[in-house]
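Same chain, two forms, each on its own as structure tokens: structure 1, then structure 2.
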Structure 1
């Protein structure tokens, strides 16, 4: 049954086969995607026609590798910019949230906490359409009342940033709160006794203590934003983010350049994830 109890050979072998199959199921699509990025073929399919870096570096006219593919490069840049702003905004607000729910007392705290968790259980599509509706309503209101045309409220870059921010902040709040719970309040009291004010305590003591959690939350926020599709779909304007752009290409038939992008994404995200894990391990011990 468990490792300390005797088990039959068939149980142990059967379980190992199951786990093997499970991990095969988990990694097969990613492996195939990566391998086919290097196939010397016009289609992301077998047979294997030899190793080639064309889908990374080729510069036309038959094949355009990712490093020369202006549309995809532009969408990667849009995604990086979006993720950058989402990360900054959600980290600042999320850290405020952690302080608010862990260290402050006020009326309706439970209710507000519940509301703060809501974005996690609202489907991303719903979040997208309701923010689209509300920004449209606001836009119409400003136009009719003050004759103001506010570009910020139309689908586009900033609406995407706000849409992603609306649920990623919850994640940041939860991650930072988890570490703030472990904070030793005698440190804070000592500083206060020695004459520091509340903000000095926060800047010099509490935030230092929270740093690993904040860095971790920033990594999570960046990845979540970079990969978001559901909410972004309804808020996106003329400059598509990478997931939206990839979706359009995948839906309407694809070339191995998508495999090349996927390969870079897989390498990039796993590196970021591993570095983050390593940093967390070192700092929290």
Structure 2
């Protein structure tokens, strides 16, 4: 649609209704979840039975709030640790991948680029099963052939990290590449002509230009890792991440403590997003 062209009144009303319904559909479930986190009920659903903070601060025996729920707190910590290592690995490798694919043409570049995008096309369930079968097969090979028991190949923390790293790295590469395409390489040439070495050029010019994209990619990588379920489900060991733990609770029947966890996550991510917008706005000013 060309904005300068006149539109009918019915179109304007229909467009506004569409926008309203879209955002209602998007935010209504989140709002209901936040409200039910304060519901004085033993069930994580309606009807409303009064306001209560028990699902945040209660310490039993009938009710245990999230701040005293050791199982959920432990799963949150596992998710944070997993997301931390995935973010570091994905950012380093993804940024290097962006530099690689933005170089001049080299042999098999398009084929390698296609392989990089493959984890985004493959469903997370298939990816998780494939990684599990590969690690089990490789682990049995080393055990039978060399009598070596490699813990990294068993379902557990590090297998989850490497499993998530396998596809989150692609996202980081795409984000950084989009920023790198706008880079003016004559700045590097000028710095080299003025006496800077290659390392100084990369650190003080190229990476400084890429800083917004790298920070944004790190945020995306952390959130993608923290909330990942499909791939993690097949790779997790005895220490469950938060999405896996919540799934087990919902499947077996749970209390509104899951709403309390969701409320805290919504508030936390929203606060980080607002802080990021505020910082970016100050930098632009």
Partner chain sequence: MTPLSRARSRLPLLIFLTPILLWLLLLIVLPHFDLLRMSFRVENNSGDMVWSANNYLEFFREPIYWLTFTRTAVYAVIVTVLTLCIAFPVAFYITKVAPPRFKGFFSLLLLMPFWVSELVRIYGWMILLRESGVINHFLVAWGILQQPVELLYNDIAMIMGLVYTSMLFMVVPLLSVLDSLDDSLIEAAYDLGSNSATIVRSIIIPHAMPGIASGSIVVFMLSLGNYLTPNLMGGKNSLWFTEQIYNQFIASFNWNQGSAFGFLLLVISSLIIFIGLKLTNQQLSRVIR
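Numbering follows the first chain given and starts at 1. Quick caveat, the model's predicted, so the values are computed rather than measured. In this text, rigid core is short for the largest set of C-alphas that superpose within 1.5 Å between two forms.
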item: Which of the two shown is the form predicted on its own; value: 2
item: Rigid core superposed: residue 48 CA moves 2 Å or more between the two structures; value: yes
item: Core-superposed comparison between the two structures, residue 152 Cα displacement 2 Å or beyond; value: no
item: Core-aligned CA displacement of residue 196 at least 2 Å between the two structures; value: yes
item: Between the two structures, how far the Cα of residue 22 shifts once the core is aligned, in Å; value: 2.8
item: Distance moved by the residue 11 C-alpha between the two structures (core-aligned, Å); value: 4.1
